[in-house]
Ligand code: DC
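Shown here is one chain on its own, the form predicted alone, set out as structure tokens.
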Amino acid sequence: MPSAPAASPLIVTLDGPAGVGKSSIASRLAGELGIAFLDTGAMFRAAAYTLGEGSWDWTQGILQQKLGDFEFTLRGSGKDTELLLNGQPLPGDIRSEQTGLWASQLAVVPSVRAYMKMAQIFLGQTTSLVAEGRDMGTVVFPGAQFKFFLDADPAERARRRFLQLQAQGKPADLDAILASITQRDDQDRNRSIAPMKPAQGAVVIDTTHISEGEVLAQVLGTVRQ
């Protein structure tokens, strides 16, 4: 008697703008579900940090050659998931505002997006995961079983980021953070390649006036129905 086909990996996507809390919610959701958490923004940040400022202006050939040396893998699940680049954990410096802006610049380069899409799809073919980013539900995993789009007022997102940096003992300038978020919103929503928007069939959640716990409860409730 032939064996039953293996179940497809469970894919849940959380898209949305910078500072909306996607990473924290996605990691907690992955923990509740007992699967891996894929921080796709960290992939672009790692590339930008490794390649350096101005790498988005390199020729496509040079970028493809450099990216050919990259290999992303996942280890663990939930908040303990580690994204590894060539077998090594990512440095904490990828979380800086400067690296975030570099990553946003690099993300519009066709060869970079093509490589990242390929790498993300491969990860989703081999393991169940919660993927957060800008175009997970629209471009990378259009066939995901569950899709969500989180949004919030830019001023509220800047305030949350400001408090987060303060809690970590890092320098924080609220006006500078708001300016950075506004600039990234403009780049992400209006880029010609895979602009950030809710995927077809995605559940849209405005998080401006609700807590992270309430957002998680809504998302988890939908997945578990």
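In case it trips you up, residue 1 is the first one in the sequence shown, and so on. Remember, it's a predicted structure, so these values are computed and weren't measured experimentally.
Although not depicted, the form predicted together with 2'-deoxycytidine-5'-monophosphate is the subject of the following passage.
Though the partner is left out of this view, R159 does not reach within 4.5 Å of 2'-deoxycytidine-5'-monophosphate in the predicted bound form, counting heavy atoms only. Contact check for F44: a non-hydrogen atom falls within 4.5 Å of 2'-deoxycytidine-5'-monophosphate in the predicted bound form.
Although the partner is absent here, R191 lies within 4.5 Å of 2'-deoxycytidine-5'-monophosphate in the predicted bound form, judged by heavy atoms. Among residues of the shown chain, A107 is one whose heavy atoms approach 2'-deoxycytidine-5'-monophosphate to within 4.5 Å in the predicted bound form. Between 51-59, 64-72, 164-172, 34-42, the stretch whose residues reach within 4.5 angstroms of 2'-deoxycytidine-5'-monophosphate in the predicted bound form through a non-hydrogen atom is 34-42.
Judged against 2'-deoxycytidine-5'-monophosphate in the predicted bound form with a 4.5 angstroms heavy atom cut-off, the residues G124, K147 and V223 are out of contact without exception. Residues R95, G100, A103, S104, A107, R113 are the members of 77-116 with a non-hydrogen atom no more than 4.5 angstroms from 2'-deoxycytidine-5'-monophosphate in the predicted bound form.
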